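In structure tokens, one chain follows: the form predicted on its own.
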């Protein structure tokens, strides 16, 4: 479900990702294992260059919601039905060992604002990182990017591009790399664009909920939300861009012990509720951040009213998605989710003076994947 309010409700179609043939060539670990690695300096480097097994592949990586309130920079999850696509092919016109970005398309101003220089494009950086890990020297690659996520939205736009590109390059050469390698490749991209944090790129690649236990060394832990439980995200995106770097700049450099203890307890409750499938407990903890949200909320016009509208409409919890401006609420009922979304959109218009769109989406438990391929 997706609605867009522009002095009234105007339905906007956003393509959902249908059930697909999940030929996930690139997995070398199960998604329930945690993994550790020290840094990008210790990522896999193959001794022998692998031969391509496909002439072309198309991949998809989902949107993500990071932080989830008190989980700043260490907790994130993947959201089904919306994300970015990458089409990758062996291209004899590209110099061996190099990557070219042939096209960028997508919603909003993505095509005009993103560069085709692979050294400064999220997808390009991640793709080149994977090529280096694989030691690709004998063939050139051409990549096209289709943005399904708006820039600066708080839904992991840069991470989705990086994840889809990393998975595509790995797949075209037979899936030699592990999940940890793909996350490291994505982190190379994130570090250059928005900062060295994995709470978007890890769930974009792995799916589900992911906890970043540490960065030095990098230790990532998947968290399993019960399969029998329903979890729906109400994502409301206003026509307002909030660049990650700008939203990080307002954060405090020091915090008091009182707020530290409060946020630690809320983060613990958040994880415990998630594992138990307790959406009420999850929502309460998600809505209780006292460090990051209070600093960022004033930069998003109407944020407080939008959060209040979500809770009054029956949401279990509501907070800023990532760095914003998207606001995320949770529920376990699709019809209620539509009503929550409608009320949040109205609040953005009435209190923030911003047009906004609402979507109701489920948890993506798979992460980035190949959706089509042509054998060599």
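Numbering follows the first chain given and starts at 1. Predicted, not measured: the structure shown is a model, and the values here were computed from it.
What comes next is about the form predicted in complex with a further copy of the same chain, which is not displayed.
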- Message: By the heavy atom within 4.5 Å rule, which residue out of 96, 195, 294, 268 makes contact with a further copy of the same chain in the model of the complex?
- Response: 268
- Listed residue that, although a further copy of the same chain is not shown, lies within 4.5 Å of it in the model of the complex (heavy atoms), from 273, 153, 129, 180: 273
- Using heavy atoms and a 4.5 Å limit, would one call residue 252 a contact residue for a further copy of the same chain in the model of the complex? yes
- Would you check, heavy atoms only and a 4.5 Å threshold, whether residue 245 touches a further copy of the same chain in the model of the complex? no
- State yes or no: in the model of the complex, is some non-hydrogen atom of residue 280 no more than 4.5 angstroms from a non-hydrogen atom of a further copy of the same chain? yes
- Item | Non-hydrogen atom contact residue 226 with a further copy of the same chain in the model of the complex at 4.5 angstroms | no
- Should the three residues 85, 371 and 374 be counted as contacting a further copy of the same chain in the model of the complex, with contact defined as a heavy atom within 4.5 Å for each? no
- Quick one: find which of 154-162, 281-289, 138-146, 115-123 has residues within 4.5 Å of a further copy of the same chain in the model of the complex by heavy atom distance. 281-289
